[in-house]
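Next up is one chain by itself, shown in C-alpha cells, the form predicted on its own.
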Amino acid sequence: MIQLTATPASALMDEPVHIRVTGLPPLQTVTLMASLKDEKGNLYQSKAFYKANQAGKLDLEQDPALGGDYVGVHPMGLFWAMKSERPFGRLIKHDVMNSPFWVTLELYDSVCFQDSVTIEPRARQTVQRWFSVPEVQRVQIREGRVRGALFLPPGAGPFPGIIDLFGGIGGLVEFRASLLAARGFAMLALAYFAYEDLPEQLQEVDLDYFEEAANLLLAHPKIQKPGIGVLSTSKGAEIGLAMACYLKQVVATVWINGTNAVFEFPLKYRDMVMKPIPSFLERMQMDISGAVRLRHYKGDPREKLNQQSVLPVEKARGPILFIISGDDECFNSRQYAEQALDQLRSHGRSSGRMLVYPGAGHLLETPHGPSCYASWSYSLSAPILWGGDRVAHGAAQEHSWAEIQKFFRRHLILTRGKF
C-alpha cells in the first residue's frame, strides 16, 4: 500500500517538513505536487518528478528530484517552488494568529505535466504551516500617531524588542513579526502608510513618527532595556538605516536589500530635512515577463550633488547587518551596502557586516515560502521585477533567517540565560 507521510503535519512556517513515500513499485517514477490557497482563494502550486529506490521508497531528504520545478536534493523544494496560478501573485499571510496555510501534498504514479490533472492521486497528505503559536500575544497598537501590532512571546520577559519594517507594499505586514515572536523576540510590526488613518501614499519619511514608535516599544514593561533592534526591508531598510543613524534607542539593525541614502521622498527629523536623490523614470526597463525593472532608475549616491542625501551611517550607535541578494532586480542593494561599509571604515568603524546571497531576489523573506520573481504594485499600477533563482532564493531565505536571529540574540540580549 502506497503511503505518503509529511512530518510534522502541523508546524511553524520556518520549520522543515520531512516528506517520505513507501509502498511504491521498485524504481517507480512519480510526481509529487504541492498546493495551497491563500486567504483570497488564489492557488499556488509546485511539482517535481522523482524515482523510487529498489525497495519502493522515496525520501526527499536524500533522494533528488529529476525534473519539474527544481532538480536535485531539496527537502523543502515543493514548498519554496510553489508559484501563483494568477500572474504576478505574491503570497502573504494576513491572519497570522488564527489560521495556517494548508498545504496539500499529492503523489501521482507517473510524470504529470498539467497543474490540474483529471486522475486521482495515489496518496495525499495535508500539512499546516503556522505563523505563530497560541502562547504569543498580539496587541493592536493605536497610541498617539503609532499604528501597528505588537507580538509578545510567552513568558514574563523582559524580551529583546524589535521594530519590523517592510517597504513599498504599505499597510500592516505581520507575518515576519509573528513568527519571530514565536522565537522569543518582542516584535512591533509597524505601519507607516496606507493603513487606517496614516497617509494613503508615502509623501515623506517623518523620522519623529519612528522615534515615537521606538519610545512606545521601550516603555513597555516586557521589553528589555536600554535599546531596541530594527529589522527592515527595501524602502523600510532605508528608514531602518536612518533610525540607526539618528535615534539613540536603536542599538542593532538588520538591513535587507535597501539603500544607503534618501530616495524618492524627503526625510524629516525634528528641524532637519534631507532631500531625496533624484530618480529617472526613463531608465526603467521592461522584463520579458512584462514586469518593470527598477534597479537602474535611481540616481547615484556617489555623485557629488547627491552627497547631502547620503545617510551618516558612521553615527549609528550599534552594529548593522547588511543582507544582500545577488540577483536583486529592484535595488542595486550590493552597491549601496558596500558604500555604507566604506563610509563606516573611513570613520574607523567596524560595526558593519555584509552577507551576500548570489542568485537570490529582492524579496528575501521567511524560510520555505515561495520565491516571488515579480508581483503587482498598486502604487506603480504595474508589476515590479524582484528577481531571483528559485533554488538560490530558497536557500538564502533559510540561511538569512537563522543569521538574523543570531545577530539580534548577540546584540540585544544582555543576559544569555534569558533564552
Partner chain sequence: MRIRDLSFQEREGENEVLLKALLKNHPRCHTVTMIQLTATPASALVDEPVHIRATGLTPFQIVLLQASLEDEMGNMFHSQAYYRANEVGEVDLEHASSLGGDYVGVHPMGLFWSLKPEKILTRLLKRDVMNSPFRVQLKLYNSNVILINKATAAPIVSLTLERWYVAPGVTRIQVREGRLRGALFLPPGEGRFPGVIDLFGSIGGLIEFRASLLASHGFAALALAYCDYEDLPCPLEKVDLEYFEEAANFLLRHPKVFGPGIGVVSICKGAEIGLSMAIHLKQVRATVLINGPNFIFDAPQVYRGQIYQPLPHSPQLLSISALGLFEFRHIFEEARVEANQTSFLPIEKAQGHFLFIVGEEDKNINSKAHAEQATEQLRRNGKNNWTLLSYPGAGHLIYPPYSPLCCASKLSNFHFFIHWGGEVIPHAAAQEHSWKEIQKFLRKHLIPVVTSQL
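Positions refer to the first chain, counted from 1. Because the structure is predicted, anything quoted here is derived from the model rather than measured.
Same protein, other form: the form predicted in complex with its partner chain, not shown, and the subject of what follows.
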- May I ask you to state whether residue 69 is within 4.5 Å of its partner chain in the predicted bound form, using heavy atom distances? yes
- residue 285: touches its partner chain in the predicted bound form, heavy atom cutoff 4.5 angstroms: yes
- Task: With heavy atoms only and a cut-off of 4.5 Å, decide whether residue 119 touches its partner chain in the predicted bound form.
- Result: no
- With a 4.5 Å heavy atom cut-off, would you call residue 373 a contact of its partner chain in the predicted bound form? yes
- Partner-free chain; cross-checking its partner chain in the predicted bound form, the single residue of 138, 129, 147, 83 with a heavy atom within 4.5 Å is 83
- Query: Only one of 289, 307, 203, 346 has a non-hydrogen atom within 4.5 angstroms of its partner chain in the predicted bound form; which is it?
  - Reply: 289
- Query: For the chain seen here without its partner, which of 349-357, 362-370, 42-50, 55-63 has a heavy atom within 4.5 Å of its partner chain in the predicted bound form?
  - Reply: 42-50
- Going by heavy atoms, what in 312-334 lies within 4.5 angstroms of its partner chain in the predicted bound form? none
